[in-house]
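Alright, two takes on the same chain below, each alone as C-alpha cells: structure 1 and structure 2.
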Structure 1
Amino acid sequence: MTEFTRRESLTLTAAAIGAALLPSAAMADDDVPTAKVAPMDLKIEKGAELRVLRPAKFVEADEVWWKSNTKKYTDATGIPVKVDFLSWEDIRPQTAVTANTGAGPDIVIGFSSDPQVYAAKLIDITDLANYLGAKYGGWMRLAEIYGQKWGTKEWISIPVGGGNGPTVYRKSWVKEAGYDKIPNDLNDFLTLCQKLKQIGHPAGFSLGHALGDANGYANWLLWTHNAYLVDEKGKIALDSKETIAALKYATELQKHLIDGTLQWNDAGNNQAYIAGKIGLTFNGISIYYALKNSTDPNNQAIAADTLHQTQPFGQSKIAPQSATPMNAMVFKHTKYPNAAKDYLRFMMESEQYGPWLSNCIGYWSQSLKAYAKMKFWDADPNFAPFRTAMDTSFYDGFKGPVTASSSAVTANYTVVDMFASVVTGNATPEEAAKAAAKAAARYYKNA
C-alpha cells in the first residue's frame, strides 16, 4: 500500500480527486447565511504588492483553492500576491526570523498562539475582525481566544481555520475487539487498546516532536484527568496529583500501542494507519481524505471501514480536545497594511472561503459561525467531529492566559517530553511532573 511522507503532505493529483468529495464553487457558497454589513473602507496603498507565507498543504485542495482564490484577488484588484508554502516544522522558525529582522512576508499565517509571541510587531486588525464577525454570525470561541490579544478586545490576527484530531478507527477491528464505538471511560478505552493489540491491530499516538499530533495527544492526556498547564492566573499547575494520574495512565496505555510512536512526526500515524499497521489513532481528516480519494481498491476498502468520533472524555465534562488554527498575522514592517487586510478580507468572504473550506472536507474547520451551516458538512457522517473543531474552550496553555509563554511551552514540547520521559522509564511520574513544571516556569518567567 502507498505510504505518504510528511513532505508529500498526503497530497493527491487533481485527476485523483473525486467529484463527489469536491463540491463546485457554485455549490459551496450558496448556503452561507450572512448579515448586511457596510463594506470596509480600506484605502489601498498605491503600488501595493504582497508576500504571504503559510503552512504547506496536508490535503491537495487546501493549496489548490488557496492559490485559485489568491489569483482571483489579483485579477480583481491588480495587486500581485506571492504565496509561499512552508512545511509545518519550518513555519515557526521563519516567523521568528521575519519578526526579528523586520523584513520578509507582509502576512505570515502561523499557528495557534504565535501572534501572542509577536504582538508588539503586529498591526491592529480589529476593524477587519469586527467586519467579518458581524457579517458571518460571529467568531467561534477558539478564534476569539487566539485572535485577540489576551484580556482585551484588540484583534492581532485572523484565525483562518482550525484542524483538530478526533479518534480515527477501523470499525471492523474495533468491533472484533468487542466494542461498537469508542468508549468515553478511560479504563474502557485502555481495555479497548489492549484488545486491539492482542488481535494484531494496535492503536498508536505520537509522543515525538509532532506539532499537531503529539501536542494534541499530550493535552488530551492532561485534560481527561482534569489536569492543566497553568491556572486561570497563569500559575504553573503541572505538578499536581491530576498530572501524575495522567502520567501513570499514559504509561499503561503505551504498553498496548504500536512500537515507534516516540519517533513519529505528524505523518507517522497517517502512514501506519494507511499501511494497515494500526487500527486507531487521533488525527485530522487527512487520513480519510487520502484513502477515499485513492485509486487503490485496498485503500478504498480501508476508507469504507474508517469512522471518526470525538476523543474519549475521561473525567472531563466536555470534549477534551482543541484545534490548531492557522492564524494570519500582518507585520508592522509591511508597506501595504491596508492591502494586506483587504487580501485577508477577500479570502474570508463566502465566495472564496466557502469553496476552500468545503473542498478541504473538514481538514480545516471554520472560525466564523456562519460557515458551520454549509451543506457539505452533512454529506458524510465522518465529517461530524470536524464541524465543531473551533467551538471549544480548550487551548494551548489552558486554563491560563494565551501569551508568549504558553506558546513557548507548546513550541518546545514541554508537556510532550514530560509524558515521553515517563513512558520510556527515564523518569517517574513525580520526577517528570516536577521537571516539566520547572521548565514551564522558566518560559513564563522569561516572557
Structure 2
Amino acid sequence: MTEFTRRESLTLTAAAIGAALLPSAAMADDDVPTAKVAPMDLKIEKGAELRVLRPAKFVEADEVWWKSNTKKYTDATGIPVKVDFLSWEDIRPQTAVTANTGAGPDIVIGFSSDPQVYAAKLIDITDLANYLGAKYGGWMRLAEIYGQKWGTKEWISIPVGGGNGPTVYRKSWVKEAGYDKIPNDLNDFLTLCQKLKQIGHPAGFSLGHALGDANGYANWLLWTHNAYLVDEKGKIALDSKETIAALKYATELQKHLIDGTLQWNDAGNNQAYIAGKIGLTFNGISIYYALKNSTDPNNQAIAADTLHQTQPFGQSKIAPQSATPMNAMVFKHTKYPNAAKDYLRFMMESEQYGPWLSNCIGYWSQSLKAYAKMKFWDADPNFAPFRTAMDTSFYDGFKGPVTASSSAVTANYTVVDMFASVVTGNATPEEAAKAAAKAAARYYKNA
C-alpha cells in the first residue's frame, strides 16, 4: 500500500505498541458510521500539483500518518503533493506572507482565528464542508465556530482537528487525598489540591508565559466563574465581579500548588509530571503519550497510574475548556482550487482520517461527529476527554466574534498576566482586572 522508510515504520510500530495496538490501517469498515451521500463532483484541473503547509507534529504518529495519507492521495490521483511541516510559531508569519504576496502554498493549515483574518483571500468551501458534514454526522460545535466566516453559514476553512488540555492526574495520589475522581465543584477542587500538597504531591498549572498551558488555565479560571473577556458584540467585559471572584479563587488555589509555576513554559508541567514532582495538572495527551512510549519501567508505571478527565466545571454548564483548532484554508491564488478541495476531502474521509486520528490517540480531537464513534476511543479510559473536546462552545475570546484581536490577547498573555500579578500579591484583584481590561482594549480597538 504505502512505502515507509525504516525509521518511519519503526516509529509507527512503537506508536502502535505504545497505544496498546489500536485499530489502525486495518480498521473495521463499520467503525465510522457514514450516511449515503452522493460523491462530490470536483473537476480536478489537468496537471495539478499542490503545496501544503501545516504545523509540525508534537506526537510522532501525527506526521507519519499525515505523510502516508498524502502519499496515498498521490498514488490514487497522480497529483503530487508537497507537505511542509512548520514549527507552530512560524505558521502565522508564513500564512501572512502567503496571503500578502498571493503566492506560495495552495493550502495552509493554520490556527484559530487565521481564516477570519484572511477571509477575503480564501475560496469558499461550503460545498466541501456540507458534503463532509452530511456524510459524517455533522460538525462538532467548535468546528462550526472556527470553520465558518463569523456570523454566516459560509465555510472558509476545514477544521481538521483540535488539541485540548484536560486534567491529567495520578490515580493513586488523588485517591490518597480522598477523591475517586476530580470534583466538579470548585471548593472541592481547592480541597483536593490542598490535600495533594499535604501528602507531598501538589498540583501545578502554569501562569508563566506559556502560550498553550497558561492561556488554557487562565481561560478555565474565567469560564468556571462565568467571567469572560468580551461580550457578544466584542466589547471588553473583563472588568467584572465574576473576574474578581476568579482572581480571588486563583490566589487561594495558588497557595496549594507547587512552587515555580510562574516560570513554567509549555514544557514545565510535562517535565514536572513525568519526574513525579506533581500529581495533577492540565495538559494535552502529550504527557501520557511520552510516558506510554517510554521504555523506562518507571515511566510505564506512571502511565498506568495516570488518568485524564475533563476540567472541573465550576459554575459553567458545559466543560469550561476549548481546543486549539488546526484549520485548513485554500487560498484564492491557487491554480488548482478543485484539486486542493479534493485533497482535503480525501484527508477527511474515514479511510485516511480514521487511522490518523486513532494513532494520534487524542492529541487531535475529531471535528466531525461520526469519528466519535470509533472504537479506539474505548480502548483506554484516558482518551475519554479528548473524544468530546470539540463539543464545546468556548473559544479564545469567548463570547465575542473570532477575530485577530482575540488571538492578540492570547499571544500577549493579557489574561494570564492578570492572574499572575494577583496570585503573587503584586496587584489587587480590582487593579489587575482594570489594567487587563485596558490592555485587552488595545487589541480590540480596531475590531
Partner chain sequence: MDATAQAASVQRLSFVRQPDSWLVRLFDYKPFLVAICMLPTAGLLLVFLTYPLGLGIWLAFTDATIGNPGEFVGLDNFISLWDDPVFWLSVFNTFVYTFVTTIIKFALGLWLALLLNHHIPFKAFIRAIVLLPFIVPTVLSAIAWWWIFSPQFSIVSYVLVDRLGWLDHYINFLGTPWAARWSLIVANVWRGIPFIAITLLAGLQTIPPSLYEAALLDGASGWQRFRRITVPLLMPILSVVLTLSVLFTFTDFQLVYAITRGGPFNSTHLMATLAFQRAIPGSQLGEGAAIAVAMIPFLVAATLVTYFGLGRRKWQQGEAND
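Structure 1's sequence is the ruler for residue numbers, which start at 1. Because the structure is a prediction, the values reported are computed rather than measured.
For this session: Working through the pair one at a time, identify the form predicted in complex with the partner chain and give its number.
Result: Structure 2.
Problem set entry | Common rigid part between structures 1 and 2 for Phe189 and Ala411 | They share a rigid part.
Exercise. What turn in degrees does the smaller rigid part make against its larger partner between structures 1 and 2?
Worked result: The rotation of the smaller rigid part against the larger one between structures 1 and 2 is 13 degrees.
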